[in-house]
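This document starts with one chain, in the form predicted alone, laid out as structure tokens.
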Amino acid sequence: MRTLILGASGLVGGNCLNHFQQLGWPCLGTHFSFATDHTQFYNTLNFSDASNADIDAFKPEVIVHCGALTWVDYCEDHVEESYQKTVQSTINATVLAEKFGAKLVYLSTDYVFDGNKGYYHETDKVNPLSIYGKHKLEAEEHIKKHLSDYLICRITNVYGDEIRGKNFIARLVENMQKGDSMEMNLPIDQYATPVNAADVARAISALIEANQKGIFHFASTDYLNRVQLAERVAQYFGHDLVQINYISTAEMNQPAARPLNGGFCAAKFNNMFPHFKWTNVDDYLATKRKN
């Protein structure tokens, strides 16, 4: 399966590149702002960029679009940049999919919902609260309008191994392993379903191999708020080193509104792939403690 991964230097894209290559798929992983030894430059906003990787020669059968501007509060104050890096990049990825007759896989989020319900199914009504969520939804709608062979995979609170270690759990693990003292103000009222990026990659490959189409929600067995998530990490690496202050989202006064009761129900995927085993936060932390 010849697979182009846009944004392969990030958390999800990097795990996809690693997993797909393990499956023996020919892969071309690209980066835009953060280069790695395993990716090539590709400007998803400018097909004519002279430095772009030669996608025409690669001829992808599948395009996995992982690139977006995911800094939620920054998006709220930089609307045009958010549009370009999330919506326009997806429009361009759609153009590539049409050109090569490729399946497009798009990574989306629970920020397309308002957080009033939680544990969302694919059929639940969308209602984004933030610029980030609105742009992710706009990108989804463009894909559905212009393509028939697509996967929209919604994920939230993604963690796992990545080069930069930017995700919430990875940063906490690294700091706690160093023995650094920490004080954090975390919201007690933001709930989600954390999922390991390695599992996201495995789930995507399962859907591709089964030639599935449409929207799928990915989630493991955890349903936690940010405080519970941090305390779970601290249980493995020394709670005495960490001070967690419980606050409300309202007290944080963040520029962008959050869906407080977020997260996903993965029943659609799980029923389709009953032998697929999701890992959870404890599984990940146990491996890190061994290391």
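Position 1 is the first residue in the sequence shown; the rest follow in order. Treat the numbers as computed from the prediction; the structure is a model and nothing was measured.
FYI, the form predicted in complex with a small molecule isn't displayed, but the following is about it.
Options 230-238, 27-35, 53-61, 245-253; stretch whose heavy atom lies within 4.5 Å of the small molecule in the model of the complex: That would be 27-35.
Listed residue (205, 94, 109, 220) with a non-hydrogen atom within 4.5 angstroms of the small molecule in the model of the complex: Only one listed residue qualifies here, and that residue is 109.
Using heavy atoms only and a 4.5 Å cut-off, determine which of 164, 78, 117, 121 is in contact with the small molecule in the model of the complex. Exactly one listed residue reaches within 4.5 Å, namely 164.
Even though the small molecule is not shown here, does residue 156 get within 4.5 Å of it in the model of the complex, heavy atoms only? Residue 156 belongs to the contact set for the small molecule.
Does at least one non-hydrogen atom of residue 261 fall within 4.5 angstroms of the small molecule in the model of the complex? No, residue 261 is distant from the partner.
Do residue 16 and the small molecule share at least one heavy atom pair within 4.5 Å in the model of the complex? Result no; residue 16 lies far from the small molecule in the model of the complex.
At the 4.5 Å heavy atom threshold, is residue 44 in contact with the small molecule in the model of the complex? Because a heavy atom of residue 44 falls inside 4.5 Å of the small molecule in the model of the complex, the answer is yes.
Taking 160, 281 and 285 together, does each of them reach the small molecule in the model of the complex with some heavy atom inside 4.5 Å? Judged in the model of the complex, none of 160, 281 and 285 sits within 4.5 Å of the small molecule.
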